[in-house]
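Just the one chain here, the form predicted on its own, laid out as structure tokens.
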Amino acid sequence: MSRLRRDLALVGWQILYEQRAFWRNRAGAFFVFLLPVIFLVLFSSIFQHQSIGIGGGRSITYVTFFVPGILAYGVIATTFNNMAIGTAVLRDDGVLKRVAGTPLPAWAYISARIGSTIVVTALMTVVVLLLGHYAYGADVRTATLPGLLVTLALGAATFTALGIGIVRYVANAEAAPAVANAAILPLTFISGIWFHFKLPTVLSDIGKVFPIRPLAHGMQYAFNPFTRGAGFNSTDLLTLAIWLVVGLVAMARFLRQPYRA
């Protein structure tokens, strides 16, 4: 067996281990996986029969707006929060340092953690879309599905890279949850995830700069029944791509010395 095939086999086994560790951590799995689903049920049940004006005398149901929005939040929680908090804990516990003395290459270990995150993200996406469609009537449009999936994949890659990269600026594992939530939660309220209303210009401009709004708006664009074409919003995709580069640079800088706070 070639070295590459051996390393890929190790990545596969490590992904299985990471999956077992994730689901055995009930508190972590609840906040990362189940909390977005609970938000979906609560908000969709409360506002199920309300409509949102989107201009030009047109309107959509709140559920059509909220399902892709909460999916964006779920992707962020699964990727950014999970990677930032988990990586900070592994660093402080010395796991990242001990990996260097095992047959598992450092790149394979990081790849396995990312692979496990992708598995959880994919599962969460399926659950949210199925629940939104069958329980609340949200229409998953076939025509714009390519735009939805590309935006989701680009957003997941962006927030995964940012989640690993931000650990370089986290003092210790105890501070990681506060830093991760402080970086994300306030921005969700000005990024069109929870509600649709006109924001002050300053807040609207701030939301457009950061990657949360492009992810949420890009998927809401694909869900919009008035959208024509394949559902690609070039502005949102470009913003996410720029933040992906930022995240990759930050991640590369962290991985040069992943053992230091």
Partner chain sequence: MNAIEVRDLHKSYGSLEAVSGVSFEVAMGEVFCLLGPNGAGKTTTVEILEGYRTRERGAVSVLGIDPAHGSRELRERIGIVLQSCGIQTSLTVAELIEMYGRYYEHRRGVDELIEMVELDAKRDTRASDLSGGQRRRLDLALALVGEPELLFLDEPTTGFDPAARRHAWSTIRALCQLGKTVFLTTHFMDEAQTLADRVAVMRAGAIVAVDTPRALGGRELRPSTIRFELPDAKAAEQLPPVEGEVMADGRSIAVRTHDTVRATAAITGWALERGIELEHFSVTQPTLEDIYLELTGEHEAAPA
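Numbering follows the first chain given and starts at 1. No experiment lies behind these values; they were computed from the predicted model shown.
Not pictured, yet referred to below: the form predicted in complex with the partner chain.
Q: Would residue 104 count as a contact of the partner chain in the predicted bound form, using a 4.5 angstroms cut-off between non-hydrogen atoms?
A: Result yes; residue 104 sits at the interface with the partner chain in the predicted bound form.
Q: So, in the predicted bound form, is residue 135 in contact with the partner chain at a 4.5 angstroms heavy atom limit?
A: No - in the predicted bound form, heavy atoms of residue 135 and the partner chain never come within 4.5 Å of each other.
Q: Considering non-hydrogen atoms and a 4.5 Å limit, does the partner chain approach residue 3 in the predicted bound form?
A: Judged by the heavy-atom cut-off of 4.5 Å, residue 3 is in contact with the partner chain in the predicted bound form.
Q: Answer yes if any heavy atom of residue 14 is within 4.5 Å of a heavy atom of the partner chain in the predicted bound form; otherwise answer no.
A: Yes, residue 14 lies within 4.5 Å of the partner chain in the predicted bound form.
Q: Using a 4.5 Å heavy atom cut-off, which stretch among 88-96, 170-178, 114-122, 136-144 contacts the partner chain in the predicted bound form?
A: That would be 88-96.
Q: Is the partner chain close enough to 153, 223 and 228 in the predicted bound form that each of the three has a heavy atom within 4.5 Å of it?
A: Judged in the predicted bound form, none of 153, 223 and 228 sits within 4.5 Å of the partner chain.
Q: Let me know which residues along 167-204 have a heavy atom within 4.5 Å of the partner chain in the predicted bound form, or say none if there are none.
A: Heavy-atom contacts to the partner chain in the predicted bound form: nothing from 167-204.
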